[in-house]
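Just one chain follows, in the form predicted on its own, and it is written as structure tokens.
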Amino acid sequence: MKQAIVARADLNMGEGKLAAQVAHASLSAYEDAGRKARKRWKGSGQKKVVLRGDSESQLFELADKAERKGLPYAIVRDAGHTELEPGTVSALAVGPGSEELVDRVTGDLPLY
């Protein structure tokens, strides 16, 4: 079991902002997962990877791919209180799901 979080590198978020956006994405996708997937992921150590994304359009393409594969996912839109404009798409979480399925969606992306 695995979860992949794709954060937009093109936004040049500060480290704290990046961490917050990744956390928002991870928790939101977890909440959308089924009970069995949540339990399996938690029981297997909650494996996560943070990957580098290039653009808003890329995150939406990956979200579409995740949906077609039946994986839970969450897109984060920033509230705009600090570094980003309101509504800016900053991150996408895919999973928790089987490592094989998550890698089919995000496996070509580099680590952040």
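Note that the structure is a prediction, hence the values are computed from the model and not measured. In this text, residue numbers run from 1 along the sequence as written.
Below, we refer to the form predicted in complex with a further copy of the same chain, which is not included among the displayed structures.
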Just to be sure I understand the contacts: of G80, G45, G34, G70, which is the one whose heavy atoms reach within 4.5 angstroms of a further copy of the same chain in the model of the complex? G45
Considering non-hydrogen atoms and a 4.5 Å limit, which listed residue (V89, L11, V22, V102) is close to a further copy of the same chain in the model of the complex? V22
Given that the partner is absent here, does Q58 sit within 4.5 Å of a further copy of the same chain in the model of the complex, heavy atoms only? no
In the model of the complex, V50 touching a further copy of the same chain (heavy atom, 4.5 Å): yes
At the 4.5 Å heavy atom threshold, is L84 in contact with a further copy of the same chain in the model of the complex? no
Is there a heavy atom of L27 no more than 4.5 Å from a heavy atom of a further copy of the same chain in the model of the complex? yes
What residues in 85-112 sit within 4.5 Å of a further copy of the same chain in the model of the complex, counting heavy atoms only? Y112
